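Shown below, as structure tokens, is a lone chain in the form predicted alone; questions about how it binds or moves come after it.
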């Protein structure tokens, strides 16, 4: 998302190199990111080792989820990336005005043609994903990957989305594990970033409890001799549903604490200590006594 925007092409190349050195093979972009510059930069970076990588892009954030719009934007994305085939193709967000049968039929046709490998959805509620699953039954297509928001300060995915992914065999590639940078601790120290520069992020992460959680995480990280971003990413990855956090930064230096999460193993006590820093979301049902019975 930062490539060609907050990160120059040179900074993007440095981050890409740092990720590859750490063993990362999955890179995620979108048709809408930085007016296409993100895809163009990524396409140049991956050229010499494309077969070793899993490349994801998204369509439909603008223009809806019709087959015509998805095909048009995917064709543009493939040209920008200089790829014949994209590994993971997401519908970027739910479109209430397009029948999901049309969308899933489009995914199935693209998959059959070898233009995409995996059909994916982003920013969908659990009921919307299951509606897509039902819509795909006629063409024999199931959702492979889901991209929800998930972090210590945005835990709604724990209620239904992550359990649904486990049940349906869907990989959860969660975005914003750092809460838009809030969980790096930089804002408590007077630093700036997307939360102060972008009104959408300011609104998304503007509550006092979220900032209190970020402060508490920074204190815990200091006690452990590590960076709060490392704990935040490692915590998101440690959920029993085995989500795959998508990390982001403006520079290779800023990226390093997130990369360090690859080697950060949380024991049960540390996982619980981090989890206790933010409110657990309400369960999907009020019949709590039955939930307790099911644990026995």
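Positions refer to the first chain, counted from 1. A quick note: this is a predicted structure, and the numbers were derived from the prediction, not measured.
Just so you know, the form predicted in complex with a small molecule exists too; it's not on screen, but the next bit is about it.
Exactly one listed residue, out of 194, 155, 80, 111, brings a non-hydrogen atom to within 4.5 Å of the small molecule in the predicted bound form: 194. Candidate site formed by 1, 123 and 249: every one of these residues places a non-hydrogen atom within 4.5 angstroms of the small molecule in the predicted bound form. At a distance threshold of 4.5 angstroms between non-hydrogen atoms, residue 60 is out of contact with the small molecule in the predicted bound form.
Residue contact check for residue 186: one or more of its heavy atoms lie within 4.5 Å of the small molecule in the predicted bound form. Among heavy atoms of residue 257, some come within 4.5 Å of the small molecule in the predicted bound form. The small molecule is not shown here, and in the predicted bound form it never comes within 4.5 Å of any heavy atom of residue 39. Of the candidate stretches 27-35, 66-74, 262-270, 40-48, only 27-35 has residues with heavy atoms within 4.5 Å of the small molecule in the predicted bound form.
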